[in-house]
Structures are given as C-alpha cells and as structure tokens.
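One chain comes next, on its own, written as structure tokens: the form predicted alone.
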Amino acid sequence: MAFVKRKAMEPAPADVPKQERSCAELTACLEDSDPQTRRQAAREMLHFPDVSGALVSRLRREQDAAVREVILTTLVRLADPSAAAGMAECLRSEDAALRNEVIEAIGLLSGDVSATLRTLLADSDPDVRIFAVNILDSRRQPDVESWLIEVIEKDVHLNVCATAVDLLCEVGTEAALEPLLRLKVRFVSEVFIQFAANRAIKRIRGV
C-alpha cells in the first residue's frame, strides 16, 4: 500500500532520516497514535539489530493492517531466530487475520526455521500444530514430505493428521504409502481420514 503524502509544512517526525533517529526513538514511535508514524518506524527498524522483540510486541496489538504488513515485512527481512519465534507465538492469537498473515510471513523467512517448526509441531494445542502444517505448505521445503510423514505417524489428533494428509495428497511419494496405510488403521472408524488417506494413496499410485 502506498504511503499517504503529508503536506509540505506539516510536522512529520516519522520522516526524519533514519540516521538521526535512535533505536529507542523508533521503538517509542511504534506506540504512537498515528498509524503512519508506527508504519515508518517499523520500516526504519530494519537497520538496527535486536529489534524483533519490540516489533513482535507491537504486532500482537496492532489493529492497522498496513502497519502490520510493514512490521511483518521487516521481521521477514531481519530473519533472525527471535523473529521466527516471535511470529510463531502470534499463532495463538484470537485474530484469524493475524494468524494467516503470520503463517504466510514465516513461510517467506529465509534460512533454517526447523527449530521453530519442531516446537510448533510439538505444541500441546492441536490448532497450533495445524498452523505448523500450514506453514509447511507455505514453505514447501525439500524435506516437507518427511515432516508430514512424521506428523501422521505420531500426532494423536484427528484434525492435525487430516491437514497433513491433505498436503501429502499434493506432495507425497511412494515413501508416504505405508505411513498412510498405518494411519488408516489408527483411525479406522474415522470416515474423513479414510477418505482423505485413500485419495492421497490413489494420487500417489496414479490410479
């Protein structure tokens, strides 16, 4: 979204060149009542280390979609472990839009986020584990199939396994066939799992 241009004579603290504003000043600007000021501060914080915590703190409370977009863009570009872990915590939010934005953002992170994904897939909340599978879908990293196989072999929750099976239907190979058959045995009375697993098996076998 393009920024709204301010009038030439209007005071614009958010437009002070970044080299004249300290990290502390920018962090304070994240709490400003003006969304434009918050948005510009989030953009400029890219030039400082160790700011992910402040950005995530604001992200959890931010109601302006444009500001959230810039915060997430900055976090993705920072791509440090605390950025990934902080965004992952936002998956517990009651705000569905924020959760979807975070899933997309984590999917865009460069580098290894295996530790974050492992933590999410082992979370006690099945909804968080489902979101972790959605992140696997977003990232489509080379080992995505092995992650999904591990989910359907170990996770006890029906909906988590069903989400993983849906993705295996797209990316699964013959390596997933035996795990899918074992999943059918494990959830023998669950019609949806039987249907989803059969569909994935047929797709893999080319039937």
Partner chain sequence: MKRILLVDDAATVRMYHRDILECAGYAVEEAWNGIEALEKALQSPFDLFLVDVNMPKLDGYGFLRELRRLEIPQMPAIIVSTEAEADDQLQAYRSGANGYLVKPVSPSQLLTHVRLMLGEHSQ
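Computed from a predicted model, the values in this text were never measured in an experiment. Residue numbers count along the first chain shown, from 1.
In what follows, reference is made to the form predicted in complex with its partner chain, a form of this protein that is not presented.
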On the criterion of a non-hydrogen atom at 4.5 angstroms or closer, are Phe131, Asp166 and Ala196 all touching its partner chain in the model of the complex? yes
Should Leu158 be counted as a contact of its partner chain in the model of the complex, where contact means heavy atoms within 4.5 Å? yes
With heavy atoms only and a cut-off of 4.5 Å, decide whether Thr119 touches its partner chain in the model of the complex. no
With the partner left out here, check for me: in the model of the complex, does some heavy atom of Ser114 sit within 4.5 Å of its partner chain? no
Check Val191 for me: does it contact its partner chain in the model of the complex (non-hydrogen atoms, 4.5 angstroms)? yes
Heavy atoms within 4.5 Å of its partner chain in the model of the complex is the criterion; list the residues of 23-58 that meet it. none
